[in-house]
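Before any questions on binding or motion, here is one chain by itself as structure tokens, the form predicted on its own.
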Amino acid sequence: MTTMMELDQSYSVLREYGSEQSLLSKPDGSSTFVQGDTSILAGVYGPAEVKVSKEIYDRATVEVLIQPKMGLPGVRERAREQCVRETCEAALLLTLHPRSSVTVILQVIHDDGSLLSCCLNAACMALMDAGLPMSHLFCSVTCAISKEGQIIIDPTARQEKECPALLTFAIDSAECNVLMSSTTGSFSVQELQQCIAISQKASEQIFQFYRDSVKRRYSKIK
């Protein structure tokens, strides 16, 4: 397990986070990702055979399933699945594997805030472990805006409940562009722009964490 906690910002700091790859034997790629007390286990299957009804002739089909810690998936899980799927589709080179499927399964181990971000980060680490071709990596950062207008990065579940606005962004590693955004609550255009800028800055640390994790893993193989 490798951990890292950085990003010196006046608004807030990222919680301690860590990841471990290749934990599961059956998936083609797997990883865990931990942000504070939020933990996700991810498994990637594919490219594999796809059902005829879901087959796309010129590219692979991406499916994402999020399993809650308890009970059955609901509306919230379906909304998160769409966010993760759209982000994966933007990063993966799907045209290299037409008429096939890539399935990402995310199991929630514990939720203490910034769950969607943790899901996206776990998915990216699992896709890397599976060796699937990607045009760029991606990571995710969640920002919460308090009643006083303070921007909190990587909020806990308690902070999310207390804040009137919550914004989650997926950032690419090539140019730090926003691939996906999911927002709840009300906020101004200026606050939105500030959250994007803070998320882009925080993403630099997460991408460096990705690189360090991969270096440590393959240096042990040698």
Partner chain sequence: MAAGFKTAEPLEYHRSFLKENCRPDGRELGEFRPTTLNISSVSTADGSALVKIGNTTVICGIKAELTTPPSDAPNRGYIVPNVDLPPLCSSKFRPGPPGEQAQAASQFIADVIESSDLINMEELCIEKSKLCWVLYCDIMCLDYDGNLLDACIIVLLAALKNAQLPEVTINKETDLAEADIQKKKPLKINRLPVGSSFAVFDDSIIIVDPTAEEESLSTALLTVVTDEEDRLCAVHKPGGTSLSGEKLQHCINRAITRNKEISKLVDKVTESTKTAK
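Numbering follows the first chain given and starts at 1. Quick caveat: nothing in here was measured; it's all calculated off a predicted structure.
What comes next is about the form predicted in complex with the partner chain, which does not appear here.
In the predicted complex, no heavy atom of residue 128 sits within 4.5 Å of the partner chain. In the predicted complex, residue 150 stays away from the partner chain, with no heavy atom inside 4.5 Å. Although the partner is absent here, residue 191 sits close enough that one of its heavy atoms falls within 4.5 Å of the partner chain in the predicted complex. The partner chain is not shown here, and in the predicted complex it never comes within 4.5 Å of any heavy atom of residue 133. In short, of 150 to 158, 38 to 46, 169 to 177, 23 to 31 it is 169 to 177 that has heavy atoms within 4.5 Å of the partner chain in the predicted complex. Of all the residues from 69 to 100, those having a non-hydrogen atom no more than 4.5 Å from the partner chain in the predicted complex are 74, 75, 76, 78, 79, 81, 82, 83, 85, 86, 87, 90.
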